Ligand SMILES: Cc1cc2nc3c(=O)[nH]c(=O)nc-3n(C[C@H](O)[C@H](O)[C@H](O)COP(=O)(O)OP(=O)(O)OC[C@H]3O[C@@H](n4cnc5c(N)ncnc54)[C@H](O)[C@@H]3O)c2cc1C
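Just one chain follows, in the form predicted on its own, and it is written as structure tokens.
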């Protein structure tokens, strides 16, 4: 596309939602995606291919501040990380938008309330086709309407687990999930959803729900396998005038009057820093020195509860528990969320513990109920993302709220034993798993302490928005996808009204 009106960098939830909102305006929209379309192939549902061969993981190396090098769980495809996510679509709680004081730090308030985002949460749930049921979760915020679809029924083992939890006084609820599993839907409950790409496009991901609908409009274009190397500001260092890309070995600059950066929390922060110039020596949008700081990624631990009976569940991500989200009677600090993991298979065990014989791994997976314990990670100024020479990346993650998380893990292990587990094994996720990365270009009401205003426009550059999880001031203790989508829809609506007006809304999708 020549002379686009807006360039969107990244095709994940943030960039995709903005593109979908802007498509009907008639504005010429160019979406740039670093990766290709992910092919539909048998390996999509092969645990051997996904976990042992790491067929889809990005071939890049990062390092910690101490110099330890590792291959991160990064995925560069149309749709971003949602191609591999577990379909969890939680709204943040009302209190998550307010300041919460922990013994280990402060979870800061957001520059707007839950009430302001609620209509966009509802719209995001509609677009993604979220299943759920209001009224069961003791911490859930108010809603303007029901979920678009009924909750996904528990399979027998998970249903029995829910009943046992309820019998001891807990309030388990149906986890809100974005899969196409309802009358007329395409989901076949295949058993490879969480951490796998969906071969039959039945997962509510950014490609199927945002990018492809936007591309039905003649004014929207997508350029894949296109790496953005820097943004270019004008001579005054104020307005962004172009974006430099490398595609098929060729370097070029694309000019536009408006830019939306949605490359993911880590890569958006890196790109802004790598775009430093004489007027912006610390990088673009960085007069506050916030860009690349306050990295958050949740404290998460996977648990395998080994049960006497066999667990043949195919899609277990239907159950969640928030009874301890804001604390418990004997523990007043917020602990977090408990939810099911996708069903663990033997190659997943072997990928982390190669010494375990395969027959042992198969037996473990055959008898396990698999859960994720998730606690909030607090923003810390020394948790940083920094670019190094030769496109290298340094991640300095100062862990916070670890004591609360350990207590939550111990409490959950005891709970699972009470519910019948013979043994409970644990695996904490570390810096190698940046699945819930957020906070690196945070928003706020004060430009001295934030890079973005409450509508994700950079304070330093009036024609640059940053719309992905990097805008999060805090991480809460819930999966971030729905909150990114809701805010991106809100920002897209703002851009449509203030940059392109509504007089061009008569543009229609291409007839297929």
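Because the structure is predicted, anything quoted here is derived from the model rather than measured. Numbering follows the first chain given and starts at 1.
FYI, the form predicted together with the named molecule isn't displayed, but the following is about it.
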Out of the stretches listed (330 to 338, 346 to 354, 146 to 154, 222 to 230), which one is close to the named molecule in the predicted bound form, meaning heavy atoms within 4.5 Å? 222 to 230
For this chain shown on its own, do 13, 84 and 194 all sit within 4.5 Å of the named molecule in the predicted bound form, going by heavy atoms? yes
Candidate from 313, 368, 267, 107 lying within 4.5 Å of the named molecule in the predicted bound form - any heavy atom: 267
Here the chain is shown alone; which of 161, 271, 303, 240 has a heavy atom within 4.5 Å of the named molecule in the predicted bound form? 271
Is residue 474 part of the interface with the named molecule in the predicted bound form - any heavy atom within 4.5 Å? no
Looking at the partner-bound form in the predicted bound form, is residue 34 within 4.5 Å of the named molecule by any heavy atom? yes
Does the named molecule get within 4.5 angstroms of any non-hydrogen atom of residue 76 in the predicted bound form? yes
Classify residue 23 as contacting or not contacting the named molecule in the predicted bound form by the rule of any non-hydrogen atom within 4.5 angstroms, answering yes or no. no
For a quick check, can you give me the residues of 434 to 448 that have a heavy atom within 4.5 Å of the named molecule in the predicted bound form? 435, 436
